[in-house]
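Next up: just one chain, as structure tokens, the form predicted alone.
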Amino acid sequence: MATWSLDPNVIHLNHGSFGACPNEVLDVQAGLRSELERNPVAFMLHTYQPLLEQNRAAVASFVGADADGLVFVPNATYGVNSVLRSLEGQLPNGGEILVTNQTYNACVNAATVAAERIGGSVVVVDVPFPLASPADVVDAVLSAVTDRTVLVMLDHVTSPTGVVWPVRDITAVLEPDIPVLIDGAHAPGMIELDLADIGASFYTANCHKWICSPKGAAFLHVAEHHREHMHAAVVSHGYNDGWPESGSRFHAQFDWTGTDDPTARLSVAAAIEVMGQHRANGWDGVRQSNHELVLAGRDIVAKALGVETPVPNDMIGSIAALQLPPPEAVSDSIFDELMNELHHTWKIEVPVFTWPHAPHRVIRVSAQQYNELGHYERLAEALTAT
């Protein structure tokens, strides 16, 4: 069973933001760092690439993707930016990039810059929350697609509302005529993935969240017909085949973008193994127990607040959001003052967002293997006392 370095005096209900890495995986990373520093040249020129390929194969198998189309990136936002920058020369002038009102803010910013560069625009689709079924998402997105739509960017698990979206149902309609870029930041380790079945042109996701790898490990998967034109957001040696260790030019674009600490991405396979041992039935058990716990925790908080649960249970993975009454004082900050009060007074880490706009706000709880029902009961107590 994985062990954690988390502060025992704090209730951690925000695994979704930055994850947490088990001690056993941190030990693997520390060993790699020691090896790197004993002989940096030997590690980078002889050890790095074989270890990278082992981790690439492990991640590809875990998410149902072909390793030839998978590269490591520092985080999902980097993956989104890499795709957008690579596509700029191929997208028609005046085209529309479609996002939603639940798209992660950093990715909306990246789409906005990309649209400006092609003389186009970003179209924001209003997807309802609360919602009754996956069809609400599909209908909202597809109804906004026009003959000017050149790219659709979707979250697989939304950041503000914690909803698992039916991305396969959308890609089945749009691909390959309209490419789909999926920001799956939360998905690996939270829900079972089969990227081949989803069929998106581009899928990027973090490993540091629900796989529980060290921070700085994420991946981008690109469909075969796009790989020839795909470059990392940082152009480096791979552009002219100056990194000969990679198995393909596509891989070389991302495998070496300059000297950094590569040990996070070289520890992902260890994280997959360690977390998979946490339950007798492996990753199925991890995902199911987190799912059941977050639903129970959500219900405890909803009952204490006297609010309805906003989405069906089968559209929740390991994070869940609830709408809160408007605050007494409206702030311009994306983070509500209640979040600070819970942090300072109650020692509870849980995000409270202004969303979709002031004065509306949501609270989002997470469930991971270190959580228990008493954590949500304590949160409910804090919320009713505040």
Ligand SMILES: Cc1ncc(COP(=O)(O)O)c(C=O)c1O
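Numbering starts at 1 and runs along the sequence shown. Since we're looking at a predicted model, the values are computed, not measured.
Below, we refer to the form predicted in complex with this ligand, which is not included among the displayed structures.
This ligand is not drawn, but in the predicted complex it has a heavy atom within 4.5 Å of residue 76. Contact check for residue 23: no non-hydrogen atom falls within 4.5 Å of this ligand in the predicted complex.
Although the partner is absent from this view, residue 159 contacts this ligand in the predicted complex, with a non-hydrogen atom inside 4.5 angstroms. Not displayed here, this ligand is approached by residue 104 to within 4.5 Å at the level of heavy atoms in the predicted complex. Of the residues given (265, 298, 251, 208), 208 alone sits with a heavy atom within 4.5 Å of this ligand in the predicted complex. Checked against this ligand in the predicted complex, the candidates 200, 83, 98, 185 yield a single residue with a heavy atom inside 4.5 Å, and that residue is 185. Checking 68 to 76, 127 to 135, 190 to 198, 89 to 97 against this ligand in the predicted complex, the stretch whose residues place heavy atoms within 4.5 Å of it is 68 to 76. Using a 4.5 Å cut-off on any heavy atom, the residues of 3 to 18 that reach this ligand in the predicted complex are, in sequence order, 16, 17.
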